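The form predicted on its own is given below as one chain in structure tokens.
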């Protein structure tokens, strides 16, 4: 039996796969956006040039349906009509045959704005200068979650530690920029594109056009990391309007500068902790306030906030917790989905804070954290019983075996004092423990998504998978095929996945939230079992499956009580560095990773997720600086000044999986794609703290920041007033 698909990704590797930029249709036109140059204001006056024959301009007045992008809330207009909330917001779509003429026409458009004072940061949003951007208080969303008795917990504390942590933006920097192409076909408006969620685009087109004669098709896609979850709607909505009006094919593709400047980013988050520790060195109370910067429109901020709240205590059993979270409106590009969906921010903050608490109370950070691990007898922050076995202690042992963590901690603690060797190098090692809830938050899978899949066997015995989940480089199509082939016990090359096309595949939900394997893979496994039991030679057969949540899964969306996610995966990362005290540059000497993802269906595919996710996380924690200038646009504009790790910056990653099969996952598998991004930044920061003996509270930890921490002279103190080992 063939168990390895030697043709997997062959087309991409050989350059014959068609990405959206490779698609071409007779009479095809090009599209370009005209964008707001005002970060907050109202359109007062517009002067348009005379358009040559064959060139067209589309605006809010051309929308036949609703001028809204239906992304959770309908507050984000497809075309800005009167109000603009950020620089780069789409005002017009220009269409014509020559891109250079389009660029020239864009330069001739003049808009005058009545501007107001913009808010770019959370504190500026809270100040509400010139009034609120939205609602009465600039709050898109707010929730509070309580476990135990917070006052009783603090009454038992002998030490109370206050601490703050913050995270910044992160750019997806997928290999292929955003792009779509639209055309009329058989009475429908069709959009093909680089996208994660064809049914989202289908819904957006239908909403904007006011009818459902639409179709969305995923092209071969060069990466997404969440950036192609909701953002393709920003292109597809206006483009659908133009295609329907002209009845001609139109292509709209961002260049790299445009993509970095105007697409959604990872939410910056600010955390403020107040943590109580009792006489035995155990945490008895934690009061946390977290605020997330949403940008100009709500987008997916509510879901990011929910994940941040429900997972804020990470893998730890803390008896008394109060956490309040708020999503704030600001005048930047709306922040959206990004691998981890709020979890990398939360994991960095709680891991870093607990290390600070451990050091403040004279305890070893790793031992302190392990003493607070959730066990199979614990209840989660949201009051649910732990389903299945917890194997964190086993994972901790394995991480130590691979990295020699504890011995290196002792060794590096004995390094010569920095004050005696300011021109040398110091080594450090850091560890982070983390989790990721798989699937949509709460019970959205059951009450909203209701995923549906089908498999079809032809008379020759070949099997086609019909699902809307997309392979964006993570290897999903191969894993789906392996689930079905191994269940049916047929060769792998007799199973293939149909292209995600809303005219052909049922809505099995989006390719997000580490749900594809857990939710959709399980449906496919069950459909394959049904086919196997009813297999008839020489006959076409079709079997469908619709999601139904497991009996143990309960959730109350009003109180945030119950199983915050259907299942949870876990991980431990260890990072070892050597830091040059003169340049403050760090060299990564070792990366180790241990995971519980239930069972890896294809270990090599998951190895790719491990390597990619961990390196992306290291970049998030160390070098990927994305900062706003005074106008509210990003200072970093290209791959030359937004610094991501390369293959030269990381050593071979050593990883290990702990088997812990999950009853309701295919072959026992849980989700793992986002998990691999959650812990790397925290482990890197812990390693830097270990090397320099200074507490760090924000990421990215660039050489400039380390230099400032070590040699800042605000008080005439070369150590920056910080503690050393």
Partner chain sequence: MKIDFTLNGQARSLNVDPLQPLLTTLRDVIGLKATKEGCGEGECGACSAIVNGKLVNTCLFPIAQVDGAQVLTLEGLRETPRGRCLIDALLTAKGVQCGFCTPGMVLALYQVLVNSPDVTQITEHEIRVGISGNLCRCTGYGMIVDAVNIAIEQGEGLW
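Being a predicted model, the structure only gives us computed values, none of them experimental. Residue numbers count along the first chain shown, from 1.
Separately, the form predicted together with its partner chain exists; it is not shown, and the next lines address it.
| query | Which one, 161, 454, 605, 248, lies within 4.5 Å of its partner chain in the predicted complex by heavy atoms? | reply | Checking each option against its partner chain in the predicted complex, the one that comes within 4.5 Å is 605.
Requested in this report: Name the residue from 445, 576, 176, 525 that puts a heavy atom within 4.5 Å of its partner chain in the predicted complex.
Outcome: Among 445, 576, 176, 525, a heavy atom within 4.5 Å of its partner chain in the predicted complex occurs only for 176.
- Message: Can you confirm whether 171, 609 and 652, the three residues that make up this candidate site, all sit within 4.5 Å of its partner chain in the predicted complex, judged by heavy atoms?
- Response: The answer is yes: all three residues contact the partner (heavy atom, 4.5 Å cut-off).
| request: Verify the contact flag for residue 414: yes if a non-hydrogen atom of it lies within 4.5 Å of a non-hydrogen atom of its partner chain in the predicted complex, no if not. | output: No.
Going by a heavy atom distance of 4.5 Å, is residue 504 a contact of its partner chain in the predicted complex?
The answer is no: residue 504 has no heavy atom within 4.5 Å of its partner chain.
Should residue 645 be counted as a contact of its partner chain in the predicted complex, where contact means heavy atoms within 4.5 Å?
-> Residue 645: yes, in contact with its partner chain in the predicted complex.
Open item on the list: Whether residue 312 contacts its partner chain in the predicted complex should be assessed with a 4.5 Å heavy atom distance threshold; does it?
Closed with: Contact with its partner chain, no.
Residues in which of 278-286, 469-477, 437-445, 495-503 have heavy atoms within 4.5 Å of its partner chain in the predicted complex?
Within 4.5 Å of the partner lies stretch 469-477.
- Task: Counting only non-hydrogen atoms and a 4.5 Å cut-off, give the residues of 9-35 close to its partner chain in the predicted complex.
- Result: Sequence-ordered list: 9, 10, 12, 13, 14, 15, 16, 17, 19, 21, 22.
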